[in-house]
Structure formats: C-alpha cells, structure tokens
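The chain that follows stands alone, in the form predicted alone, written as structure tokens.
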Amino acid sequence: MSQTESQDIETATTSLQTTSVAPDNKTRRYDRQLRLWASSGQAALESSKILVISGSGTSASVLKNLVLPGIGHFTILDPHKVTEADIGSNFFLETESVGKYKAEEEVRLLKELNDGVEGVANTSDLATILKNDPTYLTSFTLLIAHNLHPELLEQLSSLLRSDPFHPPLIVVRSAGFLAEFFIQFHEHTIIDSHSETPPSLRIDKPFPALLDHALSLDLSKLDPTDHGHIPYIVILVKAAHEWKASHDGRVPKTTEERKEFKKYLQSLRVKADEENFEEAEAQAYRVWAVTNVPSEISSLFNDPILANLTPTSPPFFHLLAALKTYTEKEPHTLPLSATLPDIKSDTTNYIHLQNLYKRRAEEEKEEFTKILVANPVQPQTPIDKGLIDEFVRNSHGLKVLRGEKWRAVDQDSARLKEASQSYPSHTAIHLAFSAMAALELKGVQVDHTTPAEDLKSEAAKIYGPFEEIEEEIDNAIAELLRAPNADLPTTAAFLGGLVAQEAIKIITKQYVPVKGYCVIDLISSTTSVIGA
C-alpha cells in the first residue's frame, strides 16, 4: 500500500513506533489529537453522527471544531434562508449565500475543512420532525441545539430522555457576551478518564519477578556508575524487604521508624549526589502506603446494575463485574499497569524494569480475562480484546456518570442557592436565561423592549427571593436585554471551542465531561459550572 492510501489508525501508529515506515496522510493529519485520545478515540469520532439544530454562527463554530478532528458525519437542521444580517455574524456564509438555505451553505463550506467528513443539510422544520418522524432524531450519536425555542427544546429534551438508549443532547444558549450550555445524558461510562492519579507501582506488594530482581542485586559490589543507575523502585523494594526482615515483617509505621528507614536509604549511597537515591528517599512513602483498590473505584462495585447484570447490559458493566471479582483475590489490588514514570536510570536498567512490569501486567490481564469469560452472565456480543486491554490498562480511572434532564436544576432552588454562594454572577446569568425561556414559553418574544421586571419576576419564581444577588441579577438581565438574540462572532468562537471539546468527550468516552450548566461571561472573561 502506498503512503498516500488510508490505513487503519492503530496500524499506522503501531508501525510508526516499530518500523521506519513513514505514517500515511491520515495519520499525519490527525497526529496531534491521536496523542490525546489515541486510535480508539479517533475511531469513535469517525463513526459518530452529529445533528446540529440551527445554522447559527455559534453552531457553525461548534461544527468547525468537530469537522477538523474528523467526525464521521454531521447534519445541520435549519429551515431558514440566509439574510444579510446572518453574513455579519457567521464566518461560514458568503455574500452569495443570501437567499439560499442556511444549512446548505454552511454544509458546503464546512466540508471544505475536511474532505473525510460527510455533511448533510436538512431544511425541514424541527416541529414537523418531532411530530412525524422522531426516530430520525434518535438515530444520531449526539444532538446539539443552539438558541432553540424553549417549547421545541422541551419536546426534544423529553423525547431524548424517554429512553436510556437515546442519544445525549447539548443545549447551548447565548446572547451577546453571555452564554451557557448543558449536557443532557442518561448514563455515561468512561474507561479512560485520563486520571491525574498515576496507577500504583505496587512497591509495598511487589510481584515475585520484581522482588527476585531487587534481591538479586548486591549494591555494595556494584560499580559506582551502575550504583547510580539502579531505579528507585528497585531500591525501595530491596530496602523494604530488608527492613521487614529485621522488624518482624512490618513496614515502618511510626514517624520515628520512617525517619530511620530514610536514614537507612541514605546509608546505601556510595556518592552524595546519587539522584536515584534522592528519588528513593522522596518516594519512600510508597513502602508504607498500602496499595488497595481506590475508594472511587470500589464505590463503583456497588452500582445496582452489577446486582442485576444481564446479557444486554453494556459491556462496561460486564468488565466492571469481572474487576470486582478480580480485586477480591490476592493481592486485593487493581490489575498492574505496565506504565512506569520517568525515573533516574540508564537505558539498560529502565528497559529491564519496564519488561518486568509488562510481563506481569500481561499475566494479570490474562487472569482478568479468565474471570470475565467465567462469569455466569455473559454479554450478548463477545467483548472485543482491544476493549479489554483498554479497560485493564485504565482500571484506576474508571467513571460512571448519571445525568439529568435539561431544566432539572431549575426545579431545585436549593442547588441554585448553593451555586450562588460561590458563583453569584454566573448563577444570575443562568437565571436570566431561564427567565427568558419562561417568558418565551408564555408566548412573549423577548427583545430589548421587554421590561426587566418581567424577567426578574420569572427569575424569582425559579430561585425565590434573591436579595443577596439582586445586583448580579440586574446586571445579567440588563446585558441579556441589550442583545437577547445577538450571535456575536467572538462569543461564537469561544463557545464553539468549549462545546466541541465537551462533545468530543461524550463521543470518545474519554476525559470527564462537564456536569451542570457551564456559564460563560465574556464581559468579565470568566466561566463557572453551576448545579453540578
């Protein structure tokens, strides 16, 4: 196959690591993002179907940031035609677009960004689709709606909330320099959350090959150069074993014992400036910190789905059930990760240590797989080996999120009051948007002539008395009424990046998406999440 032909992303990235073959065009195009979400994330993007409701400048900006990384398909649903006013606020419309369908023009220009993405314009009316063909809406991977009339938005939200298998919805609202968005979803499982907490090295519970390697070294007979290249992991395993041998099998417990252990580490040096021993001393806490299942992972074992596992349960929960069984056995830990941190060492020692961890990680993954296969409740479709690898590799960062319906936060004034204590101005902006939606549901067309008191009255019905944030409410309503329908290019650009980022998290099931309302105030250049 020539270099210009497309090849599988995983194959291309593997070949890049193991051979001198140059990556193909597809891999070069997506090189940076592959470093963020790998081939599994890219595959999820390329198989996704996105429906964007509204051909606004903000919608186009969101799509720009989804088309460039390579989503599989997008549809713009908008029955309106382009006006001269639209051209001034939308970079994906041209002078020649006036009088043509907005959706068709935007699709044409957005597709120029990435010829590998399929784009479709739908000039139908959403109300008609909701009434006559709701299954069309539920056939997409994700829906994004910008400044949709609240009556239609309520119908759409209810439809997508009616079945746990219906897709998520991102609700975006903006007016001038103010904006917010909310992600409505049922259940969102994340295997690779890219946790900032590194997996355990199991220094306190060394596996046999690691312990044998550590004990095989006679530090006193090593050349000074070799002595300075022993990884701190090996130093700690050896030192801990020797300490326990002289302390009835106990690790250092008291403050004095821990100081004594560190002094023992210092005594093993042959030179004062050995950085590997400095690392060992700094990481000595790993000797007495017990490696067990992190609380945030063990809490997932209580998920009600595990107690009622069926063949049709999502693969994630079959994997989670196997993980629970795995951790109930010795050494009562998560499967070992083959990933090592950056450490002071030479190439020979580092690679040897890396191979020890890789071999053990493979052994434990095989044990996990046996447990999965032996589970009396098997999934309807066998779980792909690649998914098992990914699950085991990232078992320390698993997440299960459960969302709620759009506007649910507004039905809980206590949550809004709690948010206002930390983020008064952003809570006020949200209340202004919600008050405007409440008026529009009553048939009021909100514009710059709408009395501010009408919006304050609706906000009070949602929040209750708001004396403590009345100034913030007044400011938010005044700004919203100044341009309630303005889709400013600067706001659209900023909002487009934020919403696309969250959409990618939802599609790839990597990283942790925002829960609650993300409120943006570009007057003060601040954002906050409320109602999470």
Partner chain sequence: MSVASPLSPLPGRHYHVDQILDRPGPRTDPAFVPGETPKTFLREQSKILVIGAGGLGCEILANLALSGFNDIHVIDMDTIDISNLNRQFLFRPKDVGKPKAIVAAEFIMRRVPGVKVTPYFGKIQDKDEDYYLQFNIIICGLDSVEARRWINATLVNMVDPENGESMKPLIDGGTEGFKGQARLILPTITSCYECSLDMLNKPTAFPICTIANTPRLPEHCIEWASVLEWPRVHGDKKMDTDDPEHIGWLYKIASARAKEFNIEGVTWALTQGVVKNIIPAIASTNAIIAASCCSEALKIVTTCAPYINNYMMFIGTESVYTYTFEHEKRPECPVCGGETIDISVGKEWTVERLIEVLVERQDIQIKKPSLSTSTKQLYLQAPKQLEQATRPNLGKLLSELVEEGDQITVTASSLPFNLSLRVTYV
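The structure presented is a predicted model; accordingly, all values stated were derived computationally and were not measured. Positions refer to the first chain, counted from 1.
Unshown form predicted in complex with the partner chain; subsequent notes refer to it.
Contact annotation for residue 92: at least one heavy atom lies within 4.5 Å of the partner chain in the predicted complex.
Although the partner is absent from this view, residue 437 stays clear of the partner chain in the predicted complex, with no non-hydrogen atom inside 4.5 angstroms.
Although the partner is absent from this view, residue 464 stays clear of the partner chain in the predicted complex, with no non-hydrogen atom inside 4.5 angstroms. The partner chain is not drawn, but in the predicted complex it has a heavy atom within 4.5 Å of residue 113. Using a 4.5 angstroms heavy atom cutoff to the partner chain in the predicted complex, none of 48, 129 and 148 count as contacting. Only one of 223, 260, 362, 346 comes within 4.5 Å of the partner chain in the predicted complex through a heavy atom, and that residue is 346. Residue-level contacts in the predicted complex: of 293, 178, 319, 239, one residue has a heavy atom within 4.5 Å of the partner chain, and it is 178. The candidate stretches are 324-332, 346-354, 453-461, 378-386, and the one lying within 4.5 Å of the partner chain in the predicted complex by heavy atoms is 346-354. Residues of 33-69 lying near the partner chain in the predicted complex, listed in sequence order, are 33, 35, 36, 37, 64, 65, 68, 69, the criterion being any heavy atom within 4.5 Å.
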